[in-house]
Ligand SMILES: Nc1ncnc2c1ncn2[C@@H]1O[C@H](COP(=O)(O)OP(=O)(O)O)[C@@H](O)[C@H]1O
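Quick heads-up: it's one chain on its own, the form predicted alone, in structure tokens.
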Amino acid sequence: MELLSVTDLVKKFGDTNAVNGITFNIEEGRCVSLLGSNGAGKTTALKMLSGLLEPTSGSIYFQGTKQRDIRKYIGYLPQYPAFFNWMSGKEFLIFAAELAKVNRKEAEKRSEELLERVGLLDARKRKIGGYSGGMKQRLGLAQALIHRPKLLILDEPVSALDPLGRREVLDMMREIKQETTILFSTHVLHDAQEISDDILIMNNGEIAISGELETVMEQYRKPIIRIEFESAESLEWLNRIEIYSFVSVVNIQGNVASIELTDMEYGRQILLEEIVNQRLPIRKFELVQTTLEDLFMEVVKA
């Protein structure tokens, strides 16, 4: 069932179109990742959806309501959440709940539930000023969930975290998406591919690609051989293989070459023969499929 419908959404800052007529839908119970390079318009779009920015034009329709103000249905965690450091974690959650018009008794109960869920129950009485970055991010996630929103919007929820903190937040998101629809932006494409049901890729303020992740990946999937050489000297050979009709694109990063082919079976056979005949020292020769990062780079470079 459709939860959110966005039509021709535009946001201008002076003569600049930060968001340029985007249209998309979000289905209930899905986890949707919003991807794009810096300046693509992701944060501006999320702020309009969360009610923090007024659109220049376009419409945002939320399931079952004709109200313009849909903030009570949405939980929002900005990229850099702000806190009152003199408050304890529990005090802050109760404060956020009461701002969302949750009664005091329910606010007390809900804050305890969420503090336990995000692993901060033992730290509930500590001042937020003494929390680590990961703890603050988890508290921010609890704040966004305090009023039981139908849609949880997260702007770069793991960008400032170390690997352990990132994993903790991702695990929580995986649990949360079982009961709440999630829309989150991220620069970490591996995370998006790991946790998302659907993707939206923005470029220059517009939606370049959208759809179910598996369907999109299948649509754009290309046969690729990835070869890791022992030394950069062997890469000179790659300049010669581009003449083959089955070679479409050659990308080189360090000692690793990704070779996009039009005919995988024939191309693999010829390339292996070349490597053996020329005694090129390699560490790895593998068949891979197009990743979300490959697709993203293709969109951004277009």
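Numbering starts at 1 and runs along the sequence shown. Here the structure is a predicted model, which is why all the values come from computation and not from measurement.
Just so it is clear, the following notes concern the form predicted in complex with the ligand, a form of the same protein that is not shown.
- Though the partner is left out of this view, A18 does reach within 4.5 Å of the ligand in the predicted bound form, counting heavy atoms only.
- Shown alone here, G254 lies farther than 4.5 Å from the ligand in the predicted bound form, counting heavy atoms only.
- When contacts are judged by a 4.5 Å heavy atom cut-off, I26 does not count as touching the ligand in the predicted bound form.
- Taking the partner from the other structure, the ligand in the predicted bound form has no heavy atom within 4.5 Å of any heavy atom of G267.
- In terms of contact with the ligand in the predicted bound form, the residue from Q63, S248, T56, S37 that brings a heavy atom within 4.5 Å is S37.
- You can rule out all but one of 43-51, 240-248, 259-267, 272-280: in the predicted bound form, only 43-51 has residues with a heavy atom within 4.5 Å of the ligand.
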